[in-house]
Structure formats: C-alpha cells, structure tokens
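Only one chain is included here, represented as structure tokens and corresponding to the form predicted alone.
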C-alpha cells in the first residue's frame, strides 16, 4: 500500500465487526425477549453509562476487569475514564449508591454493549453484548437457585431449551489450600495444575492434598452423582461448608425444575475473579462457547449478591438460523390501510417510491419475498 492509496474504510480493528441484516434485528429481538422474561420475574431495568471515571468503574468487583478495560482521558475534567468491559460491577455500584435505600432483596436487570481489550481463542470478539440480572441483599441457596431458574426460562423463551448449567465453587480450591497451609511456590504450581486439570501435576505438587484434589478433579459431571462423590469426600470444615451450600443450591433448583440439565465441577475457577460462592456457566449442547456466566459475589460494602450475565452474540451462534420476516413489495400508491393490514399479518412492507416501476423486478432487486398483486401478497418464486 502506497502513501496515495486511499484507506479501506470498511476495515475494522480485530475483534470488532459490523452486524448486518438480518442478524442485527434477530439479536435485538432476542435481547428484548430476554428482558421481558427478566421483567416478568420482578427484575427492574437499569442503564449504566458506557464510560465512567476509572476509579469508580474499577472499584470493588470492577477491579477484576482492570486488564480488560480500555482507558481514555476525559477532555473536560482531565481525569482518566474507562469503557466498561462488564456490566455487573456497574450494577453493583448503582445498588450501593443510587439505590442504597431501596428495600432488599433488590432485583435489577440490564442490557448493553461492552468493550474489552482482548477476546479469547474461543470467543475472539472484543465488543460483546450482555443481558443479565443481579439479585442483591440476600445470601441463600434460594437466591442462587433463582438466577439459574430465571436464566433457564429466559433462554427457553428465545428457543434454547436444551442448555446446560455448570455449577462451580471457585473458592473451594483456594480454601482447601488455605486449610492445608500450602503457600509460596508450591501453591502457585498447584493452582496452575488445577487450572489445567493436570492430574499428574496435582499429584506431584499436592502434598497432603494430592489424593483429595485428584479425587475432586474426577467429580465433574452430572449434578447428582457429582454431589454424591462430594458428600463422600473427607473435607475440612470450611471446604465442607462450601460444598454443603452447593448441595442446597442444586436441590433448590431441582425442586422447581427437575428436568433442567445441571452439571457440577467443584474445582473449576477459571474466569471467576471476584466471585465468593456458588457460580454458574451456561453452555449449549455440543458447543464450547459460553452462553453466559455468573454467581455469588460481594457488592458495595460487602453486601451479598448473585447474578447471571447472558451473551446474546453467543446465543445466536448456537441457535439455528431464525426465520426471516417476509418482505412484500407494494406497487405505487398502495393504500395505507392495505399496507397496515400486511404489516399486521407479519409482513415487512417495501413501498415503491416512484411510478412506472415493474413490481416483480423491483421486488426481486430489493430482496423481497413477495409482491402485492390484486390485493394479495404473492410469493415471488410462484408468481407468473
């Protein structure tokens, strides 16, 4: 490329993309359906700003997103600002400040775009859509169960009724290491081994916990068998309490949704940076990309909270292509009553904007599926 070559204005930075028709409309409809389910369960919507002062955005649970946050200087105040990489810390801030006097439990919902410094190998997008719920001010298995149950209903509402919820305890491994007194280089090596689920390395670096941790690596699987294995494990008191809470949460979920697909992976902690209790990751069958994640954390000045964030982009990649609204071409000066009736019947109406056009050829050129002829929407492929 020479200096006088015009730039390619369609080129976007890596991890960013334009969402074109019909995907953009399908995504918007899916987010609207998710938010309607959240609202029906009493979750009131909030709308945090896209950008905030850095010291507020990255306070509390937001500190976990420091390395994923784009920063700019505010030309007005000359203070550093950050573009949100995740909406949960913003909702926690709103609850702890603007809504501090609201009665608890407080149920909030949100939807919006986030920008991250880097994507992952599985999900390379750096701009991601989020839609989620936060339940603040209560700590109990019923609350942990509620976010899973509401999330499952919301996903079913957009056609995803075979999803799997993987329940985890991100604090279990650190708690076990604390109770065993494992520190320093041995702890770092063991944490890396657990993160990779490397049983040989766990056995090498696990010391007195080698056998127990190796057994816990094998626990991962369907909820009930996994919980039976956890119940049989000889755990120290704090770790046993974490597992008891997980058991109570699973039971609370299955009491209301006995056919919901639940798995348990008690040692998994990757990506759960600020979480303090039972957490969840959502998957579609046969896919490795996460549809959502969430779990228990501390909001504001230590207020208990739990939540679930869904990723509409990933949801749409997991769903079969959506049926597209049929488009009907309307000849010149079609009556407004007739076009309104077609829209009410589910068509998108594309009116001619000048006289003398051939309706059939114009319909085909503009990507219409139908053309209006003799007061009837006629399918183009069968129209004579």
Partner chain sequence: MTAPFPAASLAPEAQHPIILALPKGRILAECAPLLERGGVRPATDYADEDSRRLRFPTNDPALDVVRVRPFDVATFVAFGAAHIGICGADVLMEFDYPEIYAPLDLGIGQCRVSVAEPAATVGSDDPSTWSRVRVATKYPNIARRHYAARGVQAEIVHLNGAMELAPGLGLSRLIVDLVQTGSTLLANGLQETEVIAHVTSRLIVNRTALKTQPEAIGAWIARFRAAQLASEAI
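Model, not experiment: these values are computed from the prediction. Positions refer to the first chain, counted from 1.
Below, we refer to the form predicted in complex with its partner chain, which is not included among the displayed structures.
Put simply, residue 356 is far from its partner chain in the predicted bound form: not one heavy atom of it is within 4.5 Å.
Of the heavy atoms in residue 184, none are within 4.5 Å of its partner chain in the predicted bound form.
Although the partner is absent here, residue 23 is a contact residue: one of its heavy atoms lies within 4.5 angstroms of its partner chain in the predicted bound form. Within this chain, residue 164 lines the site of its partner chain in the predicted bound form, having a heavy atom no more than 4.5 Å away.
When you look in the predicted bound form, the only residue of 79, 98, 270, 234 with a non-hydrogen atom within 4.5 Å of its partner chain is 270. Listed residues 103, 286, 75, 258 were compared with its partner chain in the predicted bound form; 286 is the one with a heavy atom within 4.5 Å. Residues of just one listed stretch (110-118, 301-309, 244-252, 259-267) have heavy atoms within 4.5 Å of its partner chain in the predicted bound form: 259-267. Contacts with its partner chain in the predicted bound form, taken as any heavy atom within 4.5 Å, map within 219-243 to 221, 222.
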